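To begin, one chain is listed below as structure tokens, in the form predicted alone.
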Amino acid sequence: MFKVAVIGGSGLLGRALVGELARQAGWQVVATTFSRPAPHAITLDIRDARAVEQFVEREAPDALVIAAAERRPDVCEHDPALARALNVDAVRTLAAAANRCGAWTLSISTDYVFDGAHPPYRHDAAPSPLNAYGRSKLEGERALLEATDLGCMLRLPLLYGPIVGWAESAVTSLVPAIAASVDGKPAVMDAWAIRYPTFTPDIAFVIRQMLEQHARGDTIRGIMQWSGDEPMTKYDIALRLAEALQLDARLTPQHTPTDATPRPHNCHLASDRLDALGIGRRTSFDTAIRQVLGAFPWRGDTAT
């Protein structure tokens, strides 16, 4: 029996990962949650070091995946203490506890550890985050690699996938404004920052392949990266969403950055290390977003 603990199993990525791993014969998955109830999940506040240590000691997983984080840049900017507690201190505690029981730890990081000025970025490029979110995730990377020799960071870009509400992903969060523009004033969409939307079921597939390597005794260590390969601005994404929803949206591109929290221009992550291992899967955006929208039926209701 190969046992995997998924920390943050009720989140956007966590749900996709739990679903992927639960389908593997001979694998046992134990998931944790905090703010969102989930069937069969264990409630765990990862800011509580003693509770984390007790959980890891009790469950004794073979591998532990950290999918819990504070991922909202504006929240991190205004509450750096919360960002540090979740993105740095909790990662260190989890990794150290996993190391004591001999478990491999995989933690999720972000393309925002880079400043976006010189893409594409390899895993060994010098980080230079522009905002508190990127700084906290970079500190979290260092904390993990200091806490365990059995550790791996997986940097990811903008995520989207099956949702429980429009706001859960920065991709689907555009839907309410797109819908409102049909009969209201045009929706202004950022056409400056270039992102690489990446489908959470594809990431879950990648992580499962990484876990399989560990189960075979060929553990991946250090920093890895995975990314979708379709560059898009929010304006581009909004056009594709409107087409998928068959909405005659009125969209206006904004060609200069307007976010209060600084964001990088283009942090394209090179995925060559995983590609070289034969690890990976990429679903086209148009195919994937139709799956997402089809599973969250469009009724013209954009309040949630």
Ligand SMILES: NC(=O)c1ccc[n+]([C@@H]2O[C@H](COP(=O)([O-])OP(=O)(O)OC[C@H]3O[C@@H](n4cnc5c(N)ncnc54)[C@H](OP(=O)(O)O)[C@@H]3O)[C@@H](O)[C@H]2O)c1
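Everything quoted here is computed from the prediction, not taken from an experiment. Numbers follow the displayed sequence, beginning with 1.
There is another form of this protein, the form predicted in complex with this ligand, and it is not shown here; the text below is about that form.
Proximity to this ligand in the model of the complex, taken as a non-hydrogen atom within 4.5 angstroms, holds for one residue of Ala68, Ala31, Ala63, Ile237, which is Ala68. Think of it this way: in the model of the complex, this ligand has a heavy atom of just one of Trp104, Tyr133, Phe114, Phe199 within 4.5 Å, and the residue is Tyr133. Considering this ligand in the model of the complex, the lone stretch of 270-278, 45-53, 237-245, 253-261 in range is 45-53 [heavy atom distance within 4.5 Å]. At a distance threshold of 4.5 angstroms between non-hydrogen atoms, Leu13 is in contact with this ligand in the model of the complex. Taking non-hydrogen atoms only, Thr172 never approaches this ligand to within 4.5 angstroms in the model of the complex. Contact annotation for Leu158: at least one heavy atom lies within 4.5 Å of this ligand in the model of the complex. The shortest heavy atom separation between Leu86 and this ligand in the model of the complex is within 4.5 Å.
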